[in-house]
Every structure is written in structure tokens, then in C-alpha cells.
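Next up: just one chain, as C-alpha cells, the form predicted on its own.
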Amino acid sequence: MIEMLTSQQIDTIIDAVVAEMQKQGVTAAGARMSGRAEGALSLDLADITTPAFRTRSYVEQPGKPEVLRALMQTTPARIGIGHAGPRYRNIPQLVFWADHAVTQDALFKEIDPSLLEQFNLFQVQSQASSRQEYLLRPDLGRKLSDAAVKTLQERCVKNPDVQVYAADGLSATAIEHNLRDVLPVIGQGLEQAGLKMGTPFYVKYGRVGLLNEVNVVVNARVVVCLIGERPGLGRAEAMSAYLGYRPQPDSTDADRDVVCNIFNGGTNPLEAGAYVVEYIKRMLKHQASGIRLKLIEQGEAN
């Protein structure tokens, strides 16, 4: 039989938690506490997702503090979080939950319509009918719906040198963070290179393999898919650009190249756009992509 806690026991636990937060400097960072009202404690904490809380050490009396600080500065991994018995300390645990919420939000977020309007991108959809189905059935995210095929046939320029489109992938947040920087750079680079760019658009519930089906409709020499990467804890803005030379229905990952981890803090979005244009030029020069492109270029180097 489970024994229920009394009000006094609950108050004791709350007092212990507040005491630990005070010890870890939360109130000094801007938290406000009000007294008990009708037996309850109101606690207004500072934003624990700020760098001040992420970069500090929660290890009590580390053997070599300077080594721990130096190590923490080299990686975003969760080290130096300390423990209270077998569990994390309160602040690192709360940060973990906050970061997990960021991941969940990214997975289910819809694209901001104003972004599509800004770049005059029309929207089509894969064969996945919902986000839940998209996550459970990756194969449907690699196929265009019948309505999408019809829309692309009606609205897209055919036989361009390069077809660029964006897809939400596993993080529409990533598209919102990076498209404004990446897409104009690609467009300008292709124009300067004298290459014809197809009609850009946006795919809802899209996966990387969808570029094969896109090219069945548009017949481009190179297809570029800008897509949101799988979000990590507290990291939802990373985008990738997948490229393929004349992708066909049976093309695989081995036939593609990628510029990944695009965000401010990873591959700079402006630089990423330039990388994509350079990749396109190399693909068109050698009429290849993926492993075949690398083997050709290695052969030339040798």
C-alpha cells in the first residue's frame, strides 16, 4: 500500500529544494521568493536555459577545477552537472527537461506561413497525412502525394540546371532559422555561374529521399533539398542541404552529397550557401555526385 505524504512532509521537501536552489545561486541570478500563503510557497525563478546556467559547474569540490572548466569549454556535452545521491542536481535536471521540450516542439512545429510568403514558396505535401504518421512511416515521407505531383507539374519550371526546395524534415524550426540566409546565397551563386534555377517550393512532411520523386517531375541536372535535421536536446535549428546529380527513383544515399549542421554555431548559413553552389559546380563538371563524384575527384588528384 502506498503511503500518502502529509502536508508537513511536502513542505519539508519544498524547503529542501529551495535551500538547494539558493545554495546553487539561483536566487542570486534573479529568482524571487515570496512567503508562504495558506501553506504554499510561491517561487519565481530566473530563466535556467540561459548560458549562465549551462556553462557553470555543479560539481562540489572538484579535484582539478581548472581542468574541469577547460573541458566544459570544449564541448556542449552535459558534463560537470554534479549529482545529489544517484540523481542529477535540480538545476541540471530542469535544464534537461527544458531542452527535451525544445526537441518535442521542433518535431511537431508547423512552418511559419510568412516565411513561405517572403520567398514566394508554394507548399506541397508528401504521402504522410499527419506528423504522427510521418514519424511512424518514414517511407511515406519519401513519396509525393498525388496532389503534390500535380502541383509540381503545373507550377514548376521543367529541365532546369538546378532545382532547390525546402522540407520540414524533423525540424521546421531549422528552416525558419536558416532559409532566409541560405536560399538567397544559393540563388545569387547560381545566377553568377550562369545556371538556370528551377521554381523553389516547400514540402510538408518531407524526407531526404523525396528528391528522387521531385526530379521525376522537374528533370533537373542537380536537385538540392534544404531540410531540418533531427533535433538534439536544446538544439533544433540545425539544417542540412542534400544534393544529387540527376537523382532517379532508385538513387540512394550513396548517390548524394550533404552540407550538414547548418546554423549559427555550426556551419555558418551564409558559408553553407556558398558550399552548396560549389558542390553544384563540381557535380555539373563531373556529371556525378556522392561516392562516384569523390572517386572521380580522387582519380584526378592522383
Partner chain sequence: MLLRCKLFGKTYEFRDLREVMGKANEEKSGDHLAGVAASSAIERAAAKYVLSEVPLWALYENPVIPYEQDEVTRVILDAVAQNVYADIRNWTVGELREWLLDNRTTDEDIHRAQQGLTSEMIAAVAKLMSNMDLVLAASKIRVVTHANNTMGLMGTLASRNQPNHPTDDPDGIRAEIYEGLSYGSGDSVIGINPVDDSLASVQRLLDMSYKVIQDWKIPTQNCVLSHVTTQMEAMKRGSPVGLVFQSLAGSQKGNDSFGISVGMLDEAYEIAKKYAVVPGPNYMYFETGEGAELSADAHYGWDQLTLEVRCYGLAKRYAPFQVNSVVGFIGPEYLYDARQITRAGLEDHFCAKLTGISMGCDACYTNHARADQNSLENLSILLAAAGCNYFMGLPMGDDPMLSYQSNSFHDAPSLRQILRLRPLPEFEAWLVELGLWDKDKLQLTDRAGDATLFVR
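Residue numbers count along the first chain shown, from 1. Think of the rigid core as the biggest set of C-alphas that the two forms share within 1.5 Å after superposition. Not measured: the values here are computed from a predicted model.
Beyond what is shown, the protein has a form predicted in complex with its partner chain; the following relates to that form.
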property	result
Interface stretch in the predicted complex with its partner chain - options 214 to 222, 198 to 206, 159 to 167, 92 to 100, non-hydrogen atom within 4.5 Å	92 to 100
Non-hydrogen atom contact residue 52 with its partner chain in the predicted complex at 4.5 angstroms	no
Its partner chain contact in the predicted complex: residue 81, any heavy atom under 4.5 Å	yes
Distance check, residue 139 to its partner chain in the predicted complex, heavy atom within 4.5 Å	yes
4.5 Å heavy atom contact, residue 132 and its partner chain in the predicted complex	yes
Site test, 144, 150 and 294 vs its partner chain in the predicted complex, non-hydrogen atom cutoff 4.5 Å	no
The single option of 185, 107, 111, 121 touching its partner chain in the predicted complex, heavy atom within 4.5 Å	107
Residues in 240 to 274 close to its partner chain in the predicted complex, defined by a heavy atom within 4.5 Å, in order	none
Rigid core superposition, residue 59 Cα moves 2 angstroms or more between this form and the one not shown	yes
